[in-house]
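The data below hold one chain only, encoded as structure tokens and taken in the form predicted alone.
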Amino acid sequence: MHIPENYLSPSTCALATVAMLPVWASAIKHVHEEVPREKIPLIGVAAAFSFLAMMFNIPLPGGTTGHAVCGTLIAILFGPWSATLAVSIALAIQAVFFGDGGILSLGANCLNMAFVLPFVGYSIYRALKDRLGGQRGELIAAGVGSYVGLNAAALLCALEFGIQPLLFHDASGAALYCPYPISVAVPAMMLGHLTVAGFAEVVFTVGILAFVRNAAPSFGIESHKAAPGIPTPILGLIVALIVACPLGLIATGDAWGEWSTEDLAGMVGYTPAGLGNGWEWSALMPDYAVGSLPAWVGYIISAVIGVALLVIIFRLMAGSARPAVDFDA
């Protein structure tokens, strides 16, 4: 679901970015108002779950790949506005440093994965949790919410792809950007997410949530206990995910809508003008590669850098938050 550069028209990207501006402003405001300063750095740790989950590519039907996002998980732990901010920053780091998703399309990617996904997933989670009750009920609610949230984001992404040839084409009818219409984009995207990627989101969300609730119950906004540092079990989980993230290299092929210009031209028989002549960002470590090092080493180094940046950013954010509050012993 990481929309690359130039697959959406500049006007589509601008519209999505403008739509996200008040969302980002609200997210910052809500985080400062709702999350105690002592716990804001932990949102960065939760954002690391999202960053790492998105590195675990899995094969999907049709020869493409997909990944989990963990947006609903962060919403459950720290609230949906925190999830919006956390996933947005994770996506920005991926785009800027690793070329995973476009710079111009960052607003669209955040709209899909950082706003729609956590809010839809969290709304369903809350509705089911209140009815089911208990820890098992919470996990069921989290699983259902995360599945629906991810697929809602995938549907919106597919629609963004699909409207491009309808709205932006040359005199001969050739698409200027993504060439696949809604009738192709929606079934192609939803097949993989309804059958596989959605369940990967469930596995990550339910698995991590169950671990957190049992091993580090103070990790989250609902707990009133102070958490001056990263709980040891959470740190261990992050390290384990970093070490395991090269498993994402096993899945071959590109995600749907993330092909190179050359590959797309071979598929449709021409190079859309907007894609061929569009703006490109030179990422420092494209595709999570580090120079001539083996791919798995580059993956681990990239994961460490991404996690470190997220923790640093949210620690800096905590410095500008409201003063500490008293916690129950």
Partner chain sequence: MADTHTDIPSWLTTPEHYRPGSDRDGFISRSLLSITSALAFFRLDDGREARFSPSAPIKLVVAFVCILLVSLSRNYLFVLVMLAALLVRACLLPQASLARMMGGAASAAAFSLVIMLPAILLGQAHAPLLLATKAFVSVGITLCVALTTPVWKLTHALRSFRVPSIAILTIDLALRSIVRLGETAAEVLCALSLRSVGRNRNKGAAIGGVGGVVLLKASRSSQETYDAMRCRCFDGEYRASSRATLKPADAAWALLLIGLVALFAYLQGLV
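Numbering follows the first chain given and starts at 1. Please read these numbers as outputs of a predicted model, since none were measured by experiment.
The next section is about a form of this same protein that is not shown, the form predicted together with its partner chain.
Of the residues A295, V268, V304, A273, which one places a heavy atom within 4.5 Å of its partner chain in the model of the complex?
When its partner chain is considered in the model of the complex, the option within 4.5 Å is V304.
Taking a heavy atom within 4.5 Å as contact, would all three of L284, V290 and I312 count as contacting its partner chain in the model of the complex?
Per the other structure, all of L284, V290 and I312 touch its partner chain.
Please determine, with the chain shown alone, which of 296 to 304, 43 to 51, 258 to 266, 58 to 66 has non-hydrogen atoms within 4.5 Å of its partner chain in the model of the complex.
Heavy-atom contact with the partner occurs in 296 to 304.
Consider P22 of the chain shown here, and say whether it contacts its partner chain in the model of the complex, taking contact as heavy atoms within 4.5 Å.
Result no; P22 lies far from its partner chain in the model of the complex.
I'd like to know if A14 sits close to its partner chain in the model of the complex, meaning any non-hydrogen atom pair within 4.5 angstroms.
Close contact is absent here: in the model of the complex, A14 is far from its partner chain, nothing within 4.5 Å, heavy atoms only.
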